[in-house]
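One chain comes next, on its own, written out as structure tokens in the form predicted alone.
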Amino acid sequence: MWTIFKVFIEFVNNTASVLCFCVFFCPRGMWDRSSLTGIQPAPPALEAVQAKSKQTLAKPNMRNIVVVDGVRTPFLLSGTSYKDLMPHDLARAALSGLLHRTSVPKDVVDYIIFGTVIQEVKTSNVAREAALGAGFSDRTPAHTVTMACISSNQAMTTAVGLIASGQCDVVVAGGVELMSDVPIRHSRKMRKMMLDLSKAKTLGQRLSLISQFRLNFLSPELPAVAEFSTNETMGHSADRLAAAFAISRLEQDEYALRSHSLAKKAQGEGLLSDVVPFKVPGKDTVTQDNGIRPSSLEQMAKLKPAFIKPYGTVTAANSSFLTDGASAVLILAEEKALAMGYKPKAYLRDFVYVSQDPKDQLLLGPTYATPKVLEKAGLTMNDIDAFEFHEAFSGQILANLKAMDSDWFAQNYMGRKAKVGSPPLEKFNIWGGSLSLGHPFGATGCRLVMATANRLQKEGGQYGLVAACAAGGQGHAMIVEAYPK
């Protein structure tokens, strides 16, 4: 099978094929620029939303699993107010915020799961350290998972599995990332020499080892910013993906401006209610995300390509930024939640994980996961009232939307008879997304779920769809169903 990139190169060398590409991937009128710039029209007023007649997705002989509520610390640009903290500080703040928001008794929680990507070596099981710091019982088990950008998605679905199987009734799931302080190692040669020195028993052995030292041993090893299997950065992959789907620099900048504008509007209207204040030790209390910065297309156009130079289209303005933050959600069996007097926000329903070629389809997880989760739930795109997709790059989002709206792509790459269809923008990430709100790798999944649940409540919708891509060519999608009023 030709890779997407090879297909693009072939098309570029063949004018007739370029026209064919545009027919398949760029339906006429699909990208009306006026729909991407500025703030989108508001969704219908709550009173104008017609009563739903859709069936619930409850399944016979299976426990209903609900989200009671969720919180997150403000998501901040790395190197700002959280720069002197450790990851477990942020995770503890999210757990404390959840305890305050829900008043759940600490000893009722059966299990705690957190996602993270770049682990602090001193607190490798950050879930356990944060739980102890937040005052949970030392008898409450906790473990940490990692699955790149869908780590907290994995934490939540692991919680679903524990509850569905009857192992637990009450689980806290969350995620954390602190990009302000990542572990930097000595070189492998230096590490080997230091380990050998620790084992040396005589002065002669020590002197012999020290004599082998060279200055280049002091070269540090930074955390990998590239795919291990391909040695390619995600930004580089995003640039090639945008080129393969003929997504212009202007379209990417317009989408990024849309994300920042909508996030600014949502923040101003108090819609980002999952954010809880955090008193940073020795500093002021942080109350809101600080990466929301609507600019102008003219200013954005001045930035140089960040990855493929000088002709790439991915820039700092249309990419998600390095972010510090943590999130946590309270997940229960429905009968347990009601017995405790809670009014849940939403049901967590069907979910899927997918994986593709990490070279040329690294960021297409939502395209592959969406039709699978819809089929599993017995729904169509028209049934979905709120879409919340992770925005790694503008080019990544627009490529997914084009792929989802292409019969050609569905038939040639996914083995499907027809396209699933593209989400309508008036239902898509209308409170902003990762491009503007920020993307702490391990924490974004919980933000997506809570944004969906809160939107469904406010807009009167019934079904939401969460989707995200992740490093390694993986992806996730989940159906969230509003809890009846």
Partner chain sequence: MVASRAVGSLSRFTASRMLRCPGYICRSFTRSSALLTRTHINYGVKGDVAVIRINSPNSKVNTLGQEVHSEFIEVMNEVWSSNQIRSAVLISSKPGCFIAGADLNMLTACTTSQEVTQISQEAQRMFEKVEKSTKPIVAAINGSCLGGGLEVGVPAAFDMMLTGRGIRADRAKKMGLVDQLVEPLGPGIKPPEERTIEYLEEVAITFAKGLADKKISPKRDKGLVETFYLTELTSYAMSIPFVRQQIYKKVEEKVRKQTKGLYPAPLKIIDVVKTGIEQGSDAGYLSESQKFGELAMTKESKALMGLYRGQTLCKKNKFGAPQKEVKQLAILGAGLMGAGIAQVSVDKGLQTILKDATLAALGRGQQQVFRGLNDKVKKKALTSFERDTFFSNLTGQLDYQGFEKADMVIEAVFEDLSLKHKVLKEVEAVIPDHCVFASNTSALPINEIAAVSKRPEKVIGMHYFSPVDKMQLLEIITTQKTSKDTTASAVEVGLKQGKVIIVVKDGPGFYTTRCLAPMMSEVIRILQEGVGPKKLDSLTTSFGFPVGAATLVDEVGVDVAKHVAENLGNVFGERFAGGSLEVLKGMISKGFLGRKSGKGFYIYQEGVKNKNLNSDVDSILASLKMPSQPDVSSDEDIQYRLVTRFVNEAVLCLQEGVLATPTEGDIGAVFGLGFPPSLGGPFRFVDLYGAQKIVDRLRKYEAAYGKQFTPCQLLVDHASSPNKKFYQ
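As the structure is a computational prediction, the values presented were derived from the model and not from experiment. Numbering follows the first chain given and starts at 1.
What follows is about the form predicted together with its partner chain, which we do not show.
*Asks:* Is H236 a contact residue for its partner chain in the model of the complex, using a 4.5 Å heavy atom cut-off?
*Replies:* Heavy-atom contact with its partner chain at 4.5 Å: present for H236.
*Asks:* Would you classify M381 as touching its partner chain in the model of the complex, given a 4.5 Å non-hydrogen atom cut-off?
*Replies:* Flag for M381 set to no.
*Asks:* Can you check whether E254 is within 4.5 Å of its partner chain in the model of the complex, heavy atom basis?
*Replies:* Because no heavy atom of E254 falls inside 4.5 Å of its partner chain in the model of the complex, the answer is no.
*Asks:* I'd like to check something about A244: if you look in the model of the complex, is any of its heavy atoms closer than or equal to 4.5 Å to a heavy atom of its partner chain?
*Replies:* So A244 counts as contacting its partner chain.
*Asks:* Just one of H186, K376, K359, K264 has a heavy atom within 4.5 angstroms of its partner chain in the model of the complex, so which one?
*Replies:* Of H186, K376, K359, K264, the residue with a heavy atom within 4.5 Å of its partner chain in the model of the complex is K359.
*Asks:* Can you pick the one in R349, K345, H260, K402 that has a heavy atom within 4.5 Å of its partner chain in the model of the complex?
*Replies:* In short, K402.
*Asks:* Based on heavy atom distances of at most 4.5 Å to its partner chain in the model of the complex, which listed stretch, 268-276, 98-106, 124-132, 228-236, is the contact stretch?
*Replies:* In short, 228-236.
*Asks:* Does anything in 397-424 come within 4.5 Å of its partner chain in the model of the complex by heavy atoms, and if so which residues, in order?
*Replies:* Heavy-atom contacts to its partner chain in the model of the complex: K402, W408, F409, Y413.
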